[in-house]
Ligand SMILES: CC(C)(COP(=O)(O)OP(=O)(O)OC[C@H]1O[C@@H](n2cnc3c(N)ncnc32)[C@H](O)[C@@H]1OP(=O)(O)O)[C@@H](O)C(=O)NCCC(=O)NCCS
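We begin with a single chain expressed as structure tokens, specifically the form predicted on its own.
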Amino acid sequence: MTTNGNNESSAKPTDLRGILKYVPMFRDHVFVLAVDGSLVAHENFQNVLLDIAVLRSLHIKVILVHGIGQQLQALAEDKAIRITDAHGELDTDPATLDLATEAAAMVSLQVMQGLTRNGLRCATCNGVRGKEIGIVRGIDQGSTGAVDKLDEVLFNKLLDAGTIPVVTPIALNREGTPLRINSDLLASELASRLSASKLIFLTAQNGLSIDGQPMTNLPVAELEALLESSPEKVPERLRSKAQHAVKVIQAGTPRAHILDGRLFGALLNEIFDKVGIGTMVYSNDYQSIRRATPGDAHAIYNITRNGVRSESLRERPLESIESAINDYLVYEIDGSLVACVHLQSYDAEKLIEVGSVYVQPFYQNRGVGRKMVEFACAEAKDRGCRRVIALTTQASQFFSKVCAFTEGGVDDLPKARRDEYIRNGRNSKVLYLDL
């Protein structure tokens, strides 16, 4: 992430063409936005609300969870009341709970006013039921709470009706008693229970940096190891977000982001730009993918035969597969190959062709094909390629809508591949993805 003294991003806001490429990928997906109270109080929050309006216009379902730390501290100073903890991470005494309830109402009203000004439907509800944490390490946590139950039906009805649920860090228990819940924890629970595609922490701090090095893309295993071995390397106010990013990904949410919401266009850049400007923590979606070995040749041949019969793949003899086995990737589950892809490199053009993409019928529509293509694109990028191409007779929608490829033409093929294209007479559609 690059910033100047005014906390302005050097990255330009993502343009419309860049956004449109991702529209089919995220349509009707759920994004949970965890917004710090300090960001709600920042002047750029109005631009964050505009970014949220863009997400809604693209049919992305949004849940907004807000914090109250800064507002709670300000209230405590104004009223000269000592509080036990501003962030809902430690114990909460009665005085702190009273001020936290007041701060939550104030911030919730501010958020809903901002959403309303941008023409967005929003609502608060009692869809989160809290429970007391109790005694931890010998200390009574008082009115600090955790999530007891989420009314998933209620939240999904609001989302399906085009309404943004605004969730405060104050929840009621079974008896209607208010409890203070850490907003990071609350957001991660919502993301995992509602099958969100992304949990995005919007802060008033720079993204995650370790030893002075900005972390843009961080595998969840590396972050988990860092938190276990050297938690002090993670800035204190980002530590909770890092911990809950790990938990939510382990619970099934594919991506968690930590970014500086003070930067103009930060939210849209992080979501719709290939580089992004914050920290993306991601699961290892590709742990089942490996390079093929000579022993896989017969299995690859048998897998691709199904595609040949339906004319979605061109035929490759077993001898051809054996001779090019080092150019194949396979997806393995419980010792069986369920998918494959072939990579053909054209070094002179800095280009790779993704071919023979096939998934066994039982595993289709489960994201396996997308992961194979994404892994192939990452491989191409590592090799220094600038473009990936795909030729297909029946899967153009998969490449364009699921994998964000653009339809091209014969002129986009390297000369050697162009000559073969003309000879085989399959009239395949040509698609490409610039890396």
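Don't overthink the numbering: it's just position in the shown sequence, from 1. Please read these numbers as outputs of a predicted model, since none were measured by experiment.
In what follows, reference is made to the form predicted in complex with the ligand, a form of this protein that is not presented.
Segments offered: 312-320, 224-232, 175-183, 112-120. Contacting the ligand in the model of the complex at heavy atom distances within 4.5 Å is 312-320. Checking Val54, Val368, Cys385, Ala41 for any heavy atom within 4.5 Å of the ligand in the model of the complex turns up a single hit: Val368. Comment: the ligand is not present in this chain, but in the model of the complex one of Phe264, Tyr301, Tyr282, Tyr363 has a heavy atom within 4.5 Å of it, namely Tyr363. Interface residue remark: Leu58 is not counted as part of the site for the ligand in the model of the complex, having no heavy atom within 4.5 Å. At a distance threshold of 4.5 angstroms between non-hydrogen atoms, Ala395 is in contact with the ligand in the model of the complex.
Contact annotation for Tyr358: at least one heavy atom lies within 4.5 Å of the ligand in the model of the complex. The closest heavy atom approach of Val402 to the ligand in the model of the complex falls within 4.5 Å.
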